[in-house]
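Here you get one chain, nothing else, as structure tokens; it is the form predicted alone.
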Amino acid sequence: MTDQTLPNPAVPADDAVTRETFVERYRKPLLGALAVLLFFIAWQAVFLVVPFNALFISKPNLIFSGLAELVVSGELWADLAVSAVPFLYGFTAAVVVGVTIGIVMGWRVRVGYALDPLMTVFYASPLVALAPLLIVFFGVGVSGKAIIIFLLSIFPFIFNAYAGVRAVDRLLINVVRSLGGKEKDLYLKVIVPSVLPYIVAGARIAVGRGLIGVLVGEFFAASEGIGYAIAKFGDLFALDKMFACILSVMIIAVVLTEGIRWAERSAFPWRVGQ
């Protein structure tokens, strides 16, 4: 006699399969959301034990109330719209210039040997400390902030594109050359497709650095924008709204990063699970 597992009569078979499929399909975002929820619950619970000074930190319930107030009044949307313009310009320029430099460094060995130490020096230098000088030189408008975002975001694209080119299978290059392919064919049919996963990985890092560039640029010289709002509410000790603005930047970072991951899964489905 063989053992058979009897279905639970209290739970329909179709519902059990549907529930299991939903949990398995959205396991990662559910776990991430649960971790964030537990973090805020722990943050709120700490105030029941430790009497923190309200001038230095705020409670999550007050932060969410301040966030709702900023959203309803429209202040948050206006500040985010102002900050989005230099971020778009600076990040787009970082993608174009950084990927181009990285591919050339990886494909042209002598260029790579010449520029790699220089790029490393610039990447390791405290570019944030140069923000006041850049603001004075390029102005307090969109251009100054876009330059800061560009300088902070470009290096992940350079180094990742460089590593991607160096990792290209030489057999593919030899095949294209043996079939009469020209230099343009090597770039378009071998190098660029092989480097794309590396560029996407670099974009995840560059997004965070670019958002830092937005805040730094608006901390020093700005009269509007999300960075200016954080500094303003901090000076007024309105910590609920200050943390609400910081939380909005965090949410944007998560959304952009997950959007990049979704694009990566869509463009490179064979890399899912790696």
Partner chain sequence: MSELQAVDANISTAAPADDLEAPPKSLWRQLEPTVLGVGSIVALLALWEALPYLVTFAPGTKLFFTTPSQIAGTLWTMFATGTIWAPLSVSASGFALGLGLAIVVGLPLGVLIGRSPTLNAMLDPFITAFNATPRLVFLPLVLLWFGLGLWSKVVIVFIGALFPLLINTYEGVRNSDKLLINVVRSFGAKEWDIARLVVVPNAMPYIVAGLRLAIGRAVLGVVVAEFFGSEDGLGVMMVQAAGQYKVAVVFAGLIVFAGLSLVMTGLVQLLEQRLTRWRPQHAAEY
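Just so we're clear, the structure is a prediction, and the values are computed from it rather than from any experiment. Positions refer to the first chain, counted from 1.
Omitted from view is the form predicted in complex with the partner chain, to which the following refers.
Three-residue candidate spot A81, S194 and W262; no residue lies within 4.5 angstroms of the partner chain in the predicted complex by any non-hydrogen atom. Taking non-hydrogen atoms only, P60 never approaches the partner chain to within 4.5 angstroms in the predicted complex. Using a 4.5 angstroms limit between non-hydrogen atoms, W77 is distant from the partner chain in the predicted complex. Contact annotation: A35 falls within 4.5 Å of the partner chain in the predicted complex, judged by heavy atom distances.
None of the heavy atoms of G141 is located within 4.5 Å of the partner chain in the predicted complex. Among L133, L88, L188, V175, the residue placing a heavy atom within 4.5 Å of the partner chain in the predicted complex is L133. A single residue from the set A124, V96, V71, A167 has any heavy atom within 4.5 angstroms of the partner chain in the predicted complex; that residue is A124. Here the chain stands by itself, but in the predicted complex one stretch of 114 to 122, 194 to 202, 158 to 166, 98 to 106, 114 to 122, has heavy atoms within 4.5 Å of the partner chain. Residues from 222 to 243 that approach the partner chain in the predicted complex with a non-hydrogen atom closer than or equal to 4.5 Å are I230, A231, G234, F237, L239, M242, F243, in the order they occur in the chain.
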